[in-house]
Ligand SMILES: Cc1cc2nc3c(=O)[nH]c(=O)nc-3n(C[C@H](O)[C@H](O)[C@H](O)COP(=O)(O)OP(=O)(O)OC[C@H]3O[C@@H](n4cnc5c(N)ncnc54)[C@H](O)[C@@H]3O)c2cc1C
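Below you'll find only one chain, the form predicted alone, shown as structure tokens.
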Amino acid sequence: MQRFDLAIIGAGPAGMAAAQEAATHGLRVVLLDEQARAGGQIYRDVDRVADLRGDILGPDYTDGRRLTAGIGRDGITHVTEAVVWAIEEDFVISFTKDGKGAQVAADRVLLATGALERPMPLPGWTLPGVMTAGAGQILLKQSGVLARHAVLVGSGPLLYLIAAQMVRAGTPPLALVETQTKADLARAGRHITGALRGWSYMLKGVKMLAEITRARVPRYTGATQITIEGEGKAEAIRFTSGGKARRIACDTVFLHHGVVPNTQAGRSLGVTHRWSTEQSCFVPVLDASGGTNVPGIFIAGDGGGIAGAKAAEIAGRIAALRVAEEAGHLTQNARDQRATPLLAALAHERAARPFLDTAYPPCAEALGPADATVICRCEEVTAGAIRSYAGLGCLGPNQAKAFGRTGMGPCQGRYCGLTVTALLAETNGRTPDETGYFRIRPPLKPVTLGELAAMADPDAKVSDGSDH
């Protein structure tokens, strides 16, 4: 079986930067990438799309070409369309590609699996025509497709970015329905020092809001009682804002109230996670270099806590330096000399995050949805059902599987896990850490018997399918 010094899962900013840094110091790296081209979610398909729609998507997106240009160097084997479904003993990594199973092994593993959009279970969110704002952005990035009668709902800077991109594309949203309040902004004031340190983020936000305002896109803040209406598809959104009941007819609704770390792979390996009250989600416990409680396992980027693309890139480089030192390719002194300015830059990139997390909290109605609202879309389990399980003695998500198959569908709990934890914790009067999360086991992603039967020769070299 082909063995590498370092296996990196994910080719977003953290994974690409880590691969380049590690290869610079002589490590043999395999970069396993689920997508057909490098970039991750933030820089999705940037090499192809930048020249087509770069003016719409903006310079923060096209900057991704700087990273994709560096992963074609010697020492990096970039395997595209590789869906990792298991990381097992001795860091043997199983994945599928081109309908066949394959395996590689590594001395160390860096998880750069990024983030997932936080699910926003509201009445009507399962109707056709309702999707996450990130999914809408993917349509724009990859296909140039934009909805013409869309409403953006939720909170957070991503809503402003997508609204601005829609304006530039000539299809502005009908409205922004935002759940954050003036009280949230006032509470964020205690973090103003960090916000000023991260002034570049704040300036970008001001510019995006100016674009949206010039396009005369209506904004409704402090929205509550949000319901998506429709018979067979989304037809309108109803909500209350400013003390008035409102209804906007539309055929597309983009939901977003933040992103959360993708923790599935780390959890399957036994990495310790703790509940973050600041980001209302579980995050892995990491040291300054992205190291975990499992020797040889590192995490970098938004998978270790939400901080954005620039911070992810820096964290990937810091983790790679630590790996290079452990592998004997750098002395501790040399590592420290290179890592010190990176750690300072990382602190700078993270400075504005407490302000943003406080000013744009997740939608309370979606964190504690009404009983009739479906929260597990795979198995069609409602919030009320989860609360009833708690009344029958269910203490945690793993027990909830036995009570009603929650988290046992194709997504394996990725999109309902945090909601299940929150509902059980609230109903039982326990903390999220006491309540826990689903126990994650391989396969991390669905794999067919045909793919297993077509497992490649373990001694065969993995093909570098990168497109540089």
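Quantities reported herein were computed from a predicted structural model and do not represent experimental measurements. Residue numbers here begin at 1 and follow the sequence given.
One more form of this protein, predicted in complex with this ligand, exists but is not displayed; see below.
(request) May I ask you to state whether residue 292 is within 4.5 Å of this ligand in the model of the complex, using heavy atom distances? (result) So residue 292 does not count as contacting this ligand.
(request) Give a yes or no for residue 23: in the model of the complex, does one of its heavy atoms lie within 4.5 Å of a heavy atom belonging to this ligand? (result) Result no; residue 23 lies far from this ligand in the model of the complex.
(message) Within 4.5 Å, heavy atoms only: does residue 42 come near this ligand in the model of the complex?
(response) Contact with this ligand, yes.
(message) Residue-level question: is residue 108 within 4.5 Å of this ligand in the model of the complex, judged on heavy atoms?
(response) Residue 108 lies outside the contact set for this ligand.
(message) Please tell me whether the candidate spot formed by 147, 176 and 251 is one where all three residues come within 4.5 Å of this ligand in the model of the complex (heavy atoms).
(response) Looking in the model of the complex, the three residues 147, 176 and 251 all stay beyond 4.5 Å of this ligand (heavy atoms).
(request) Within 4.5 Å of this ligand in the model of the complex, counting heavy atoms only, one of 113-121, 367-375, 344-352, 231-239 shows up; tell me which. (result) Of the options, only 113-121 has residues within 4.5 Å of the partner.
(request) Could you check which residue among 134, 194, 396, 296 gets a heavy atom within 4.5 Å of this ligand in the model of the complex? (result) Flagged contact: 134.
(message) Under a 4.5 angstroms heavy atom criterion, identify the one residue in 27, 32, 46, 420 near this ligand in the model of the complex.
(response) Contact check passes for 32.
(request) Just give me the residues of 1-36, first to last, that have a heavy atom within 4.5 Å of this ligand in the model of the complex. (result) 9, 10, 11, 12, 13, 14, 15, 32, 33, 34, 35, in sequence order.
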